[in-house]
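Just one chain follows, in the form predicted alone, and it is written as structure tokens.
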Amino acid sequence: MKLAMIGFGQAGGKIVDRFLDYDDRTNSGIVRAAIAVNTAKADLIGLDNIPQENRVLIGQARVKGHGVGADNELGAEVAEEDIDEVQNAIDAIPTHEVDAFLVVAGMGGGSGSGGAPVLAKHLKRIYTIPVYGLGVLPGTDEGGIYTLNAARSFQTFVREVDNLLVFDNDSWRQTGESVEGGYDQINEEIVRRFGVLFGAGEVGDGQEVAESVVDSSEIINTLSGGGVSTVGYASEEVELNTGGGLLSRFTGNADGTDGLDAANTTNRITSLVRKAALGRLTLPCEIDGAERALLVLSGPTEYLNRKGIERGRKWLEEETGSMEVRGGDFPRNEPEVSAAILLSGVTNVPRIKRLQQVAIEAQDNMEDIQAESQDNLETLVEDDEDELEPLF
């Protein structure tokens, strides 16, 4: 699937920058064009792979390149005011070669959480291709303002895009990690999972064609119902034999001479599918009730067993209760077999429910604090007036 990726804000820009690195490493051909938009000049300077001409600084008249300071209302206002500057960069994209837009943003800050929904709405008004969002939820330990921003942004973002793919930092930060190291690892996890998913069906010169092709239309159809989506992922290594053949813990084949054990391969693929669906999702949720699902098995061709893929797809149908479960393979010459599962239209998501509840409580607290501050200010002014003696 060929995407025009637009990273809005610091987190969004870094993730799109990492996608370009992934594209270069894997030759996957996902990113047809990449743009970074920000209100902070320093964040744009810190990117490594996005071309300089595709780094768009907005809000210079209001914030002078210093960012919006986690004020997502200001972020939205700046995005609306300077949308033409973003459009100028988008105009250089050959949209006839693109299957969809992907707007990427962290939902806890100011620029991305405020500006990404504004941009998505603008793109949907102008273009006929799908506009998807990739939103990153902040961890609960990052502070109340970021949680409130995320709750507000989520409600707007999910309404403005054709589908919102979500990654929850709370489920991926590890104890003892440095902030920088933690986010680097999280960004790599995001890129790996969505890279396998969006890379399916893109075949370059000299690459093998899948037996059961998963192309961009399969992904678009899976995401067509709108709402919120999550991605599961699991992989197992494949070892290279010094004699040129492939030995694999994945198949359990010991000597590499008798071919692959089809029954064992089928069982292992089914197991991998279960791990992907029931393991750590990008947005943890109950998978039953998902409206649509897509299964992509990737790896060396000899390990992509059609019977295993079909069995995994049927298992997904039973677990989700959905009749719209698509599946196929994605041949890749890498020492790994992986399963990526896209679950679209999920509704039983505890994290989102908690986020909305925290936001309601935070909003109530803010109103109480503002009212109390106003009362204190009025009392202070009255006390000062009582103490002042007339000059004449």
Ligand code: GDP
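Here the structure is a predicted model, which means the values were calculated and not measured. One rule holds for the numbers: they count along the sequence shown, beginning at 1.
Just so it is clear, the following notes concern the form predicted together with the ligand, a form of the same protein that is not shown.
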Heavy atom within 4.5 Å of the ligand in the predicted complex: which of 160, 85, 142, 236?
142
Heavy atom within 4.5 Å of the ligand in the predicted complex, from candidates 195, 232, 138, 299, belongs to 138
Which of 271 to 279, 284 to 292, 102 to 110, 316 to 324 lines the interface with the ligand in the predicted complex (heavy atom within 4.5 Å)
102 to 110
In the predicted complex, is there a heavy atom of the ligand that lies within 4.5 Å of any heavy atom of residue 76, even though the partner is absent here?
no
With the cut-off set at 4.5 Å between non-hydrogen atoms, does residue 16 touch the ligand in the predicted complex?
no
Wondering, does residue 132 line up within 4.5 Å of the ligand in the predicted complex on heavy atoms?
no
I'd like to check something about residue 169: if you look in the predicted complex, is any of its heavy atoms closer than or equal to 4.5 Å to a heavy atom of the ligand?
yes
